[in-house]
Structure formats: structure tokens, C-alpha cells
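Only one chain is shown below, in C-alpha cells, and it's the form predicted on its own.
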């Protein structure tokens, strides 16, 4: 698959002197589902902000599709990469949900007819058509999260990045958001999330990137989530399902399930073998 984001030798420091990124190298394939994990302060959010040019490279390069991220390209990069922040209140500010979702398309200079089409499509995609005329400040946290996502979808970016998408959501909200992520992936969007949730990463992602102290500690498939060295160094935990099977006696099958589906499949194999 073709890379849609390329990061080469990226360094970044904040004005007060904190060096957040220390030579990041990373490739993200088109249409992939990428989970970036790491402890607080590892540099996850700082890295995400480079993908849609809210942070500009100080040293090194970031490419989005055919564009190198810079002051000259930042506006067009943001049409290609949409970002959903951890706290929806950071990006919702209009009097009604419809007005908020319309903001991005209107600022793209689209016709009023096209704006209406995009807004209705975005509201439908996140299943909040019934909230269109409500004031955002009357909504629940989970509903606000959907409004923030709709605002990004209305811009129709090819790449969507989420900073801690499941933070503060209840189980129902998490289930709904996971379905939205699945729908976006089915549509061919490239999805990148920063998260502490190893269970989400194991369940959803096809590529895992672990960041520690501003550097890429490991990247690969979800198998790295049961590597003791990586988990310890990154101050993470094993996926819940994997922890259960690690406590069971060895059965000659060294495959550790990381999702409920995988666990059920392994249990069935064990039962068949023992009957």
C-alpha cells in the first residue's frame, strides 16, 4: 500500500524548552487503522498535531500524501487531514449543531447547496440528525463527541486523526464510536488514534506504534502488545484478554488471544482437543 503520511527525523520542542519529539520516523499506509500508544508525556499528541499542520516541523520532515507540511502548505494539509480533539468542547462553539458542522465547509468556500449536502451526510454518518437544531451545550459528552466528528467529516478529509477518542465515554458511547470508526474505515479513510487503551488498540488497529520519551519504541502488528519489554518500557499494560490467558497453564499453543473473538476461538480449539 502507498504511504499517505511519512515522518522523517522529526524533532520538536516547546517554547519553554521541553523537547517533545526526538527524531521520529514513521510511515502510515493509506486506508490503514493506526493506534499510537505511550504514557503521558510521550509525545503522542504533539506528533498528531504535525499530521494536520497545527504543529509545523522544526527539524525533520512530515509529508501528507504529496505535500510537505510547512507554513506554505498548512491550509491545504488541513483539508486532507481532519483532527478530532480529546475534549469536544475545544472544537464546538456555534449556537446549534447544524451551524457548527457547517463551519468548516463554509470556510472552504463551497456553495450553500454543497454545504447542506455535506452537513446532512456528516450528521447521518454519526447518527445525530435529530440533534441538528439543538444547542451543543445542552448535549451529553458523547453527543458532543459525535458533533466534533461530524464537523470533521463535513470537510471530507482522506485522513482522520483522533486524540484519545474514548476518553470519558461510557460503555454505550464507546460502542457507538467504535462503530463509527469501523464505518469510516470501510469507506476507505485512513484513521490514526492516540490512546492509552490497549484493549481498543488490540481490537481495532492493524498497526501499532508505541512512543516513549519522544521516540518510536516499537511498531508493528498487535503482537507487540504482548511483548513484556515493550509493555514495561512504555508503562502500558497487556490487553485484558491476554492477561487472563497468560495466567492459565501452558497448553502447547503459544498464541495469546487479545480480543474476545480470539479468546472464544482458542477456547473452542481447546475444548475440541480435549474431547
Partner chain sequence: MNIFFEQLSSKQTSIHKLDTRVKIISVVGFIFISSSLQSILGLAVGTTFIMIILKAVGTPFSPIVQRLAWVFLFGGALILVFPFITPGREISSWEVGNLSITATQEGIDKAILLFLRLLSAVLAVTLLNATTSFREIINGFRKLHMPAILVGIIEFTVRYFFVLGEELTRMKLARRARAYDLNQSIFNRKALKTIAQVIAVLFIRSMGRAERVYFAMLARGYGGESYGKEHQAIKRRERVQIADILWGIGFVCFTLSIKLLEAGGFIG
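Residue numbers count along the first chain shown, from 1. Nothing here was measured: the structure is a model prediction, and the numbers come from that model.
Quick note: we don't show the form predicted together with its partner chain, though the next part is all about it.
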* Looking at 79-87, 121-129, 173-181, 186-194, which lies within 4.5 angstroms of its partner chain in the predicted complex, counting heavy atoms? -> 79-87
* Asked: 205, 155, 160, 198: which sits within 4.5 Å of its partner chain in the predicted complex by any heavy atom?
  -> 155
* Answer with yes or no whether residue 75 is in contact with its partner chain in the predicted complex, where contact means some heavy atom within 4.5 Å. => yes
* Taking the shortest heavy atom distance, is residue 100 within 4.5 Å of its partner chain in the predicted complex? -> yes
* Going by a heavy atom distance of 4.5 Å, is residue 49 a contact of its partner chain in the predicted complex? -> yes
* **residue 67, heavy atom within 4.5 angstroms of its partner chain in the predicted complex** => no
* Identify whether its partner chain in the predicted complex is within 4.5 Å of every residue in the set 93, 107 and 112, based on non-hydrogen atoms. => yes
